[in-house]
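The chain that follows stands alone, in the form predicted on its own, written as structure tokens.
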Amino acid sequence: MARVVLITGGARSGKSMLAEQRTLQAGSVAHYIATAQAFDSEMAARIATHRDRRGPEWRTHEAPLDLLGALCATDDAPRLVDCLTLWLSNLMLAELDWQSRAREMIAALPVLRQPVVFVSNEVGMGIVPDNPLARAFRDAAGTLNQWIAAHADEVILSVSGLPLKVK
């Protein structure tokens, strides 16, 4: 398996299930690094759906802000980071410097021993958002995806549950 894989696509495109399958191809036990936060009942239900789908071979680590720390702490088995866009929104809403945190995380990728599969959303393929925060997020997500893709060994676009190899 490639050391760094980026799986991207639209909402409900099958990204997470593809990423779970790819991560388990690299080991019988894997770490699930969750960046989501349950601020409301709808998000709590989404998180529960993801959690219920995974089996006992998964070890879950919550990392809404400290993704680099979670990657370093879980370098004994393959990792799935789900997802970069939620991590980015957490950083932006906390008014933290997402660019420096992303650069630090990317700089650490070559020294990590175990594979990492990143999930991220493609958010720039639709209507231009109507407010400054949403436009800033869309632009930042596009930049972050480009940075990860440039360092990834493999990039997959998920469309309707089907993986399309991009790199």
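Not measured: the values here are computed from a predicted model. From 1 onward, residues are counted along the sequence shown.
The next section is about a form of this same protein that is not shown, the form predicted together with another copy of the chain.
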Report task. Name the single residue among 27, 64, 142, 69 that comes within 4.5 Å of another copy of the chain in the predicted bound form, judging by heavy atoms. Result -> 142
Report summary line: in the predicted bound form, the residue from 101, 59, 46, 54 with a non-hydrogen atom within 4.5 Å of another copy of the chain is 46
Report task. Indicate whether residue 167 is a 4.5 Å heavy atom neighbour of another copy of the chain in the predicted bound form. Result -> yes
Query raised in the report: Does any heavy atom of residue 126 come within 4.5 Å of a heavy atom of another copy of the chain in the predicted bound form?
Result: yes
Query raised in the report: Can any non-hydrogen atom of residue 134 be found within 4.5 angstroms of another copy of the chain in the predicted bound form?
Result: yes
Query raised in the report: Are any of the heavy atoms in residue 5 no more than 4.5 Å from a heavy atom of another copy of the chain in the predicted bound form?
Result: no
Query raised in the report: Candidate spot 33, 110 and 114, all three in 4.5 Å heavy atom range of another copy of the chain in the predicted bound form?
Result: no
Query raised in the report: So which residues in 5-19, when you check another copy of the chain in the predicted bound form, have a heavy atom no farther than 4.5 Å from it?
Result: 6, 8, 10, 11, 12, 13, 14
